[in-house]
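Form predicted on its own, single chain, as structure tokens, below.
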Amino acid sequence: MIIEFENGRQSTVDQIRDLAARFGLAIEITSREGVYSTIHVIGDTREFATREGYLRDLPGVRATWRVTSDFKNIARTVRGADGKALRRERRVVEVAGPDGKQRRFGAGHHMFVVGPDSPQTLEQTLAIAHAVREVGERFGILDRMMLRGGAFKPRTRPTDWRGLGMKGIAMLDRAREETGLPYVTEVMDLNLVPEIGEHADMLQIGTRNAQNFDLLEAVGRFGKPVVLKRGFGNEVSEWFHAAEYIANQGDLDIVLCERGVKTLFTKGGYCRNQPDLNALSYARRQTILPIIFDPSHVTGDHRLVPENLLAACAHLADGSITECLHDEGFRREQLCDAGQAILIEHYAVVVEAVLAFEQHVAPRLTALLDTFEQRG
């Protein structure tokens, strides 16, 4: 539920907060210049919404909106009792780094999340981390760079290498300590959420756990920023509902990640998963959440990563999450997904291309899309 209220009405805000707490809900205030601000009540608001009459009568309350969408917390459009629609602002998800910089997903610039498929050795992990930092410094975008790395690996075959677990987390911690870059890592077990969450700056729900609802709720309760990958067999609506499981626990700091789906056409050897680029645009129109793209898992081939990542830019993705190598010789030693990891020196060329797109193409494209949106 969304409540618009007159600025300066602290007693009204306190009453709304107290009522929300009675139903186990949280509130988030979006302050605006001018007369009015809004309160977003986060969680399962069905019972709370029965008090809508009481809320409308509070001093300074201008309007209330119930969300008619099935994914109530993350929906972009809400409607009031009079049927009037409200278009909500897209959310910015912030991840703080030890270097004092905020990484802001959804703030209008492409975020670059990049690193090893998995921390396999300390030397490899640190080499990649320092190389990522160097790319950020070279282009003056250090506040847009983050590390990724899967210490816990869900694998199709139980005999395949499944990561180093907490030893891998320790390597990522060391990389963050040396470079100042925050990192995101996958969590697969709801019982490990607190332990991994105490280390990682951002948690990831992978494609195989995209509908592990107990895990989604556990991550939501923990409250750290989350990357939620789309399940490889999920419709877009199922992806949004998975995000709603997290949001219902009070955590709206969710970044959606499109990583391709399995289709009849992914067995021809030219891609690992079918990229659904239209899902990027659809998610931007239907939800308030930032959305990023995974060019590594849609291709399965490092030679196809650059063009896929740049294709996502044309759909105004808020960022990308990419697997990389520090040295071509390590490809033979990598124990998981070696073929799709791009060399960091090649990745730097892609970063430069993305920045050129932002400067020369994105403004015109954004203006055109805004025209379409205003027209309806």
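Numbers for residues come from their place in the sequence shown, where the first is 1. All values reported here derive from a predicted model rather than from experimental measurement.
Keep in mind that the form predicted in complex with another copy of the chain is not shown, yet the notes after this line are about it.
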Q. If you check E94, E123, E177, D214 against another copy of the chain in the model of the complex, which one has a heavy atom within 4.5 Å?
A. D214
Q | Position in contact with another copy of the chain when the complex is considered in the model of the complex, options V350, I42, C324, L55, heavy atoms within 4.5 Å | A | V350
Q: Among 104-112, 142-150, 282-290, 128-136, mark the stretch whose residues have heavy atoms within 4.5 Å of another copy of the chain in the model of the complex.
A: 282-290
(Q) With the partner left out here, check for me: in the model of the complex, does some heavy atom of K167 sit within 4.5 Å of another copy of the chain? (A) no
**Q.** another copy of the chain contact at R303 in the model of the complex, heavy atom, 4.5 Å
**A.** yes
(Q) Although the partner isn't part of this model, could you tell me whether G220 comes within 4.5 Å of another copy of the chain in the model of the complex, counting any heavy atom of the residue? (A) no
Q) Is E198 close enough to touch another copy of the chain in the model of the complex, meaning at least one heavy atom pair within 4.5 Å? A) no
Q | Stretch 301-320 - residues with a heavy atom within 4.5 Å of another copy of the chain in the model of the complex | A | H302, R303, L304, P306, E307, N308, L310, A311, A314, H315
